[in-house]
Structures are given as structure tokens and as C-alpha cells.
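Next comes just one chain, in C-alpha cells: the form predicted on its own.
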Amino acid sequence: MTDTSVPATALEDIRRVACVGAGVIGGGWVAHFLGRGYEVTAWDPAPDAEARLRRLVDAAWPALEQLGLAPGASADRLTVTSTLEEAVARAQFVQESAPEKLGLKRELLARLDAATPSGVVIASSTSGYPMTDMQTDAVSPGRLIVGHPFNPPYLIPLVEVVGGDRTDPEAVRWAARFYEAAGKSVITMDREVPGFIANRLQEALWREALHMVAGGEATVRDIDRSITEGPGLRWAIMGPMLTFALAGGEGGMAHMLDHFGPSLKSPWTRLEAPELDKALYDAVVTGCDDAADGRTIADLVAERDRGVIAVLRATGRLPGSGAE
């Protein structure tokens, strides 16, 4: 197998997508692709994978209906196969979503490369590993790219696309166009960076939150409310950079940097990871239980989905939902 025909299929001819790994992320991808009208084959080694996957798709379908189903979209277009090879045999695009273990990723991507028809792009949902580190065992590494989604993939539009050192640049460009055609909002990264873009920003916030819980400076409920009732409202409209530019008034970012630049050296944040000892572990788990206030995980998923859809609709990011 060679990379001479990467990618081999025109975007308008894509009908069949394979999803390998059917956990929370992989299952979310399955739901997304089904909602966009594709035929989906899925494989996961867990013995109860099919039952779990179909429950996830059923739970996601009301949100997909609100987002707007593509013509022909149906949960009946899902086939769960007994082998990886069967799942990718006729695939025109492959999305891998295995657990975050580098050895497993290398082995699985090599298997997918060997089993997938020539010229078909294979994407990994990895949330942290560079493709350069994962494509080492593949015979045809040129078609391997990262397509990093956000949970749940059927609801959150963003996907970050980047190749590795041995990836064909055309595979990256093709994948970005495919994801856009499949309803995603795409960032095509110029170079690899561990954790990509959004996860690095999330990680900074997450670490500081853990420090505050560990130090008794804030509860889990306080931390979540500080975002949902504060900067999170602004970030749904524009990101932190333009938000800070507005803090400079008519002078924009230049005035903001002149005014607040010296405070960058103030010890406000502690970006080193705190020690996740039992006390911190228990505090975070108990704090989340308290913040849930009796709501089950299923309740919270439904609440999150309704809320995100409302934000997308209010900001004009759903088809036909122009913001008013």
C-alpha cells in the first residue's frame, strides 16, 4: 500500500465513514456522522460495545434533531462490525477514537493503515499526542492525520486538524475540507504542539481550579459559577484575546497591554499541576456531587445539550437561526 493516491475520493462522493473506538468520543463521532447523513460502520473491542453505542446514539438523537438532520439521516444507517477489518473494508474516511495510550495508538493506526483501502484518510481523535509520535509503525503514514474533537463531537463544532512529520500535506487539506462539509468548525494547525490549542487553554484553567480547591480557596460550585456567570458568557461570542482587547476601550489591545501588562508578572496563577493526593481527589469528587445537586449524569448531559444548542441558536450558529 502506498500514499500515491492520498486522498483518492472527492468530497461530494463520501458516503461511508468508519469509526474505530466507540466510547464517549468515538460514540459521539458516530452520532455526528449519522446525523449528517453518512452510513457509519463502527468497531470497538468491548463485549458490550454495540449496546452502549446504540444507547449513546439514541440519547444524542434529540439534540441532533434540534441541530438539524441532513437529508437521509437515520440511526438505522449504523452497522456495528465484529472486526476492525470489516469496519474499514469499504470506508471512505476513518475516525479512530481509542484510549489515550501511545503504544495502543501506534499499534492501532498501523492496523488501520494495513486494513483500510488505499487513498483513504485516517484521522485520530487523540487529545494530546502528536501524529509524528503515533504514525511510526504505519506503512503509509502520509494519510494519517489528527482530527481532534471536543466532547461531545455531535454537539461541539470545533475540530483541530494537523498532520505529523510524515503526513502528506494534501491529506491535511482534504481532511479539513471533509470535516467542514460534515458540519464541523475547523482549525487547521500549521504545526504540531502537544495538547493542540484548545486543550492547552482548558488545561491552564483546570490546573488553577484544582489549586483553588486544594487550597480551600474556592469550592467546585464557586469555580463553575465563576465561568458560567462570568467570562464564559463572553467567550461564547468572542474568545479571550478579543475580550481582553475590549478591556482596553477605544485603545484596544495596545491600551490594555500598556495598562495591565505589568500585572502579568503578578503571582496570580499557578500553572504547575497540583499534587493529586487523596484529599484533593475526594474534594473534587464530593464537590461535583454537591454541584450536581441530585441530577444524574444523564440529566446533566441533557441539560448541557439543551444549553449548548440554545447558545448556538442565539449566536446564529445553527442553520436558519440568525441571531437577533
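For clarity, every value in this text was computed on a predicted model and none was experimentally measured. Sequential numbering from 1, following the sequence displayed.
Separately, the form predicted in complex with a further copy of the same chain exists; it is not shown, and the next lines address it.
Trainee: I'd like to know if Tyr179 sits close to a further copy of the same chain in the predicted complex, meaning any non-hydrogen atom pair within 4.5 angstroms.
Mentor: No - in the predicted complex, heavy atoms of Tyr179 and a further copy of the same chain never come within 4.5 Å of each other.
Trainee: Report yes if any heavy atom of Gly37 sits within 4.5 Å of a heavy atom of a further copy of the same chain in the predicted complex; otherwise report no.
Mentor: No.
Trainee: Could you confirm whether Arg313 comes within 4.5 Å of a further copy of the same chain in the predicted complex, counting heavy atoms only?
Mentor: Yes, Arg313 sits close enough to a further copy of the same chain in the predicted complex that at least one of its heavy atoms falls within 4.5 Å.
Trainee: Using 4.5 Å between non-hydrogen atoms, is Asn199 touching a further copy of the same chain in the predicted complex?
Mentor: Yes, contact at 4.5 Å.
Trainee: Which one of Asn151, Ser118, Ser74, Thr79 is close to a further copy of the same chain in the predicted complex, taking close to mean a heavy atom within 4.5 Å?
Mentor: Filtering the options by heavy-atom distance leaves Asn151.
Trainee: Name the residue from Leu84, Ala138, Val172, Ala209 that puts a heavy atom within 4.5 Å of a further copy of the same chain in the predicted complex.
Mentor: Spelling it out, the residue with a heavy atom inside the cut-off is Ala209.
Trainee: Please determine, with the chain shown alone, which of 218-226, 164-172, 107-115, 138-146 has non-hydrogen atoms within 4.5 Å of a further copy of the same chain in the predicted complex.
Mentor: One stretch meets the cut-off, namely 218-226.
Trainee: Using a 4.5 Å heavy atom cutoff, which residues in 215-251 contact a further copy of the same chain in the predicted complex? It's fine if the answer is none.
Mentor: Result: Gly215, Gly216, Glu217, Ala218, Val220, Arg221, Asp222, Ile223, Asp224, Arg225, Ser226, Ile227, Thr228, Glu229, Gly230, Pro231, Gly232, Leu233, Arg234, Trp235, Ala236, Ile237, Met238, Gly239, Pro240, Met241, Leu242, Phe244, Leu246, Ala247, Gly248, Gly249, Glu250.
Trainee: Hey, the CA atoms of Glu229 and Val308 end up closer or farther in the predicted complex than in the shown form, with the change being 3 Å or more?
Mentor: Closer: Glu229 and Val308 approach by 3 Å or more in the predicted complex.
Trainee: Classify the change in Cα distance between Val301 and Ala75 in the predicted complex as closer or farther, relative to the shown form (magnitude of 3 Å or more).
Mentor: Distance between the C-alphas of Val301 and Ala75: longer in the predicted complex, by 3 Å or more.
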